[in-house]
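Presented below, as structure tokens, is a lone chain in the form predicted alone.
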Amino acid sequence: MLHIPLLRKGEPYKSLDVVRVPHHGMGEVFVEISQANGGLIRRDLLDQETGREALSKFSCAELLEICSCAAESFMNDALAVGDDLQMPEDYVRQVSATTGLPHVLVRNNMRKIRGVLAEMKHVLDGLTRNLDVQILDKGFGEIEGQALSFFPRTQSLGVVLPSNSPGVHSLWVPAVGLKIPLVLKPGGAEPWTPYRIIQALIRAGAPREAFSFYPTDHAGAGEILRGCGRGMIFGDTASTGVWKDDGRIEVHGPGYSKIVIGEDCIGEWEKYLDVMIASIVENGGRSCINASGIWVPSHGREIAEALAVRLAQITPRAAEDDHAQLAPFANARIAESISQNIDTALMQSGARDVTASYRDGNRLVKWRNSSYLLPTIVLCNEASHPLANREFLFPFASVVEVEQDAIPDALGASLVVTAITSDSKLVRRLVSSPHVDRLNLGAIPTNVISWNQPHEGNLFDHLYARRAFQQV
């Protein structure tokens, strides 16, 4: 039986308390994972200086080089997973086995993580606004005659991770280049990616003391977030809500990402159909940067019908199929609950499941012992409908027809907004909106990320503070 241990400051530790995770389709136990209890985590977090001191012995330039080497190791090398060695193809199969992600999507996410590690200098340039990171080595310095000083807000970054997609792990990796140790709680079904990233970084020369890996329960996750000076949490509104007002914790909840087409471009909406499709479907619709809404001033019905025709062609395929675009749900009850929630909301007037006319049967299907939700497009006649601003873990999007002047205020919180328009008034209102975290002007899919700009929040500002500083 493959066993994944804890990592306590980089040292493997097998716990008597284990969780046995099944293969998503076969139901048989696939991997055994050691569990950390709250007491062990509290005890270990009494010493956070060791990891910080270990990283502080390296310059930022050296850590960037380590990240670059780790990129190739993560992508190509045999790395430890417990007492076994994990080849890249083993990793792909293992992630797929416990999460349901098709192999092609796992490989796509591998490349994303590799890219962030390899381009860490550019990532830090974006996060620090082109700060010379040598200033972090000494704690102070000078740029163009101006004295600067920064200090770390924390001795470590605690991160509570999800299981939906490996790509989210690229968001905490820059902490290594910023000399901040990591305390990671992996998602219950996806321990593979953070463990492999850690092993790649250690193989490349990073100090193992900088990495702690604690598979644990909800209470243990709370200990990590309370015990670390700074934290990040990924999840739905129920799991992240308790932390939303804690300034120490960076919350990554649902994205509610959207595409907006202005009146000046809506007459040519067919030109942007591929952008809409990619935004909705890429990565199995599992990312917070997938579009869950198409907001338009007119032509809503035509757009919804065209999207439904295209998306109805997407059906379950084997995990090994390079054309697979859908991921099954490891927990069938979650898929059932999501589909029921959609159907319940559709009972209210003002919305219609357009894809229902183009698929043969129900939205929820069983295929090869796995539960899938087929892509769904809902047409909403008004922004107040319960489905007008929802997000689910599969290719789902609402098409909402609203007068253009009402769109910016009606959008609500949106991680990504792609605005296809040259209308200066609409652009100005979106640019000035405090509810739009990332804005794409032009026909850019919502899931296309430029890593030299902060994706959600700013990890450097989260981990470091600037102090007033002068010297003679």
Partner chain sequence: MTNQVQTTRPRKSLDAWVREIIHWHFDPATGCPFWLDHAKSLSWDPRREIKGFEDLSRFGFFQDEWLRGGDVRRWVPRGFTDKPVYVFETGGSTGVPKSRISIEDFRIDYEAFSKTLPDEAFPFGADWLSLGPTGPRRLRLAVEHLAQYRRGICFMVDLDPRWVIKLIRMNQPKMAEEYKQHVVEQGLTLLRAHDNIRCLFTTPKLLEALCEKVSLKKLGITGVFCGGTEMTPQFHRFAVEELLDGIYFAPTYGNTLMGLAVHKPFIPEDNYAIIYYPPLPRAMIEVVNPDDPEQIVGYGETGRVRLTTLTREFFMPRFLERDEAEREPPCSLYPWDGVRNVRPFSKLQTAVVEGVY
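Predicted model only: the values in this text are computed from it and were never measured. Positions refer to the first chain, counted from 1.
Another form exists, predicted in complex with the partner chain; not displayed. Remarks below refer to it.
- Judged against the partner chain in the predicted complex with a 4.5 angstroms heavy atom cut-off, the residues E142, Q453 and Q471 are out of contact without exception.
- Comparing 381 to 389, 334 to 342, 143 to 151, 238 to 246 against the partner chain in the predicted complex, the single stretch with non-hydrogen atoms within 4.5 angstroms of it is 238 to 246.
- Within 4.5 Å of any heavy atom of the partner chain in the predicted complex lies no heavy atom of H299.
- At the 4.5 Å threshold, heavy atoms of G27 stay clear of the partner chain in the predicted complex, well away from it.
- Looking at L40, you'd find a heavy atom of it within 4.5 angstroms of the partner chain in the predicted complex.
- At a distance threshold of 4.5 angstroms between non-hydrogen atoms, R93 is out of contact with the partner chain in the predicted complex.
- Of the listed positions (H122, K366, R317, R226), a single one reaches within 4.5 angstroms of the partner chain by any non-hydrogen atom in the predicted complex, namely R226.
- Counting a residue when any of its non-hydrogen atoms is within 4.5 Å of the partner chain in the predicted complex, the hits in 9 to 26 run Y13, K14, S15, L16, D17.
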